[in-house]
Structures are given as structure tokens and as C-alpha cells.
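Given as C-alpha cells, the chain that follows is alone and in the form predicted on its own.
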Amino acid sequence: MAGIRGNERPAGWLFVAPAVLILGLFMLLPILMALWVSLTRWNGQGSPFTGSVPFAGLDNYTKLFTDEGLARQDFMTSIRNNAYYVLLVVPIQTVLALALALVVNNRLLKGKGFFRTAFYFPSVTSSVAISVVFLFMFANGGAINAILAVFGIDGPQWFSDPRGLVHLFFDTPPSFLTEHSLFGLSWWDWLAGPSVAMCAIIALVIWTTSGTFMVMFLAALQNVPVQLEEAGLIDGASAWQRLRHIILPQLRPTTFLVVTLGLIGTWQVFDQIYVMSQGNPAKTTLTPAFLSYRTAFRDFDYGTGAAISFVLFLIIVVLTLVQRRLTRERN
């Protein structure tokens, strides 16, 4: 037996070698190359791995946080926009996905296959195509404003108004909010809230992603032992009490997965921004992912663009660890 076990090690490495080689070549190596680019002032000309490219060190990172200038202002604006986006999208899409899963999992519901398909269909549709449709719907003369006009409501200029929702309700900001700033933005700017255009994008994303997470919750619901619900019924528990004390604790691993995927996806939002707004109006829909693309491929500042992407990576990792700590099972 010892001789057989001794031969298992090289055999194991032989089997995993193709996967290790592919991951190292197409994932780890590009990440290391991008990390090096973030430490240089490469402008896209020639190779960034030659001695002719100036070495910047941590300058590309420090100017995002400490240096006064447009780079820090744009980056902090994108962080603010994306933070509001995450705070609205992740909770709403999680709750909506769970609600849809509970509806589809109801034993009394007829036509379950139809509803599963209807709820899931937006998730498998091209995000670019849906973004274009929403762009027409939320245009100044689009369907949404036409419906609001029927009820006598003057629809907003969805992709033209640069004010956040908080600014819409408070035209005159308190002086102490404008006098103090953080990372180049005043407190009034930090507390602006999502713009009207960002709210339209938020509605689109919630509609297209809830179906995917519904399938995850549905699979978890179907694995909840029926005996637990029957015991709750016998004990006289109401539907809400069974959901809170029986079903939701059983869904803890799935909830962690859904929230984690939601955090990752919302901090990486790009295609909807690229198609619908390009960061406008007045940079109120600018996100770190789109800013990284624009800085690298439009402004030809590849070092700063790569630095933004790695800062975004660290934000996602930290928030995922925090969320894991908050949702871990306690004795």
C-alpha cells in the first residue's frame, strides 16, 4: 500500500497539470502583468515590460486618494455612485428573488413551468439588448414618461438631470455639508443619492438579475425537509413564523452565495453604463469599472486604469469577507 500511495502524488499532479497550466497562463499571469502596469506610466505605446516605460511606483494609487486633481475627484465620484448602486440593488434583488422563489415553490400554484421561465427569461437575454430597450423606454419622450403623463405626472428628464435624489428634495444644502469635504468631495456631494439616470439603471439590473438568484433560492427551498414545515404547522406557527424560524435559517448558505454574487456583480457593473449613459449626466452614473476602461482605453493612461481595477478588486474582497463574517453561523 505504501508503494501505491507513493505513486499517487506524481499521478495527481499529472491529472491537475492541464488545469493549473491553463489557470496560470490565462488568469494568474495576466493579473501579474496588469499589476506591473499599474506601477508604471505606460501609455499603450510599445511594451510595458521594457526599460523605456517610466516606473511610477505607487503614484498611480496615491493620486486616487491623496493628490488634489481630477483623477481623485472622478474616482471618488465613481465610488459614491457605485456605493448607492450596491446599497439599492443587492438588498432589493435578494428580497425579490426570494419572494419569486417562494411564489414558484408554492404547491398550490398552477403553471409553475411558465412562471419559472417568465421570471428567469430576462436573466438569459442579452444585457446590451435590454439596455437599449430601457434606454428608449426612459427617454424624454419614451413609454415611461408617456404612462406618467396619463396620470398627470410630469416625467423627469431621466438621462439629463445630474442631481441626486437627495438634491431633488433639498435645493438649498446646509452650510456645514458644503464646508467640509472628504477625498475631494463635499459631504453634500457624498450624500447626493443616486441620480435619476442611475435609478433607471438600477431598475434594469434588478429586473434582469432577480431571475438568476430566484433559481438558486428555488433549489434551496426544494431541499428544505418537509418534516420541518409540518412540525411548524402542528405547533401552530403562522406562515410568517415558519418563514422566519424554519425556512430562512435553512437558506443561510444560499443567501450568503446570493449576496456575495450580488456584491461582486454590482461593483463590477460596466455594460449597462457603457450602453445607456457613458457615465453621464455630469458623471452621476460613472462607476469604477467604467472609469478604469475610460482611463486606460480612451485617455491612454493604462497605469492609472489598472490601479483603479486593483483598488476595485480590494474593495470587493474586503466587502465579501465582511459579509461572510456577518452571515456566518453562530452557536
Partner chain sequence: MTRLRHAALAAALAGSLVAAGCGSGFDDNGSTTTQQSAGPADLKIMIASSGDAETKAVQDAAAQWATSSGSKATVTPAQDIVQQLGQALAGSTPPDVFYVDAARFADYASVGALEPYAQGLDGVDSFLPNLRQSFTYQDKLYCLPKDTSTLALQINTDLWTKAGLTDADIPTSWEQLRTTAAKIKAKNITPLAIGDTRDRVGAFLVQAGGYWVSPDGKQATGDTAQNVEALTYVQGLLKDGLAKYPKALDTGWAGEAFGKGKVAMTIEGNWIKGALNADFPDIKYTVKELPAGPKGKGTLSFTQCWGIAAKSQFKQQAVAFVQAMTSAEQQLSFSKAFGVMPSRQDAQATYQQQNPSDAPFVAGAQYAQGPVNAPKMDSVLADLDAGLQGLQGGDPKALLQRFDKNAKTALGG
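These figures come from a predicted structure and were not determined experimentally. Positions refer to the first chain, counted from 1.
Omitted here: the form predicted together with its partner chain. The next part is about that form.
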Would you classify residue 45 as touching its partner chain in the predicted complex, given a 4.5 Å non-hydrogen atom cut-off? yes
Residue 280, heavy atom within 4.5 angstroms of its partner chain in the predicted complex: yes
Taking heavy atoms only, is residue 152 within 4.5 angstroms of its partner chain in the predicted complex? no
Is residue 141 close to its partner chain in the predicted complex, meaning a heavy atom pair under 4.5 Å apart or at it? yes
Heavy atom within 4.5 Å of its partner chain in the predicted complex - residue from 241, 157, 181, 223: 157
Name the residue from 58, 35, 29, 264 that puts a heavy atom within 4.5 Å of its partner chain in the predicted complex. 29
Sequence-ordered list of residues in 104 to 133 near its partner chain in the predicted complex, where near means a heavy atom within 4.5 Å: none
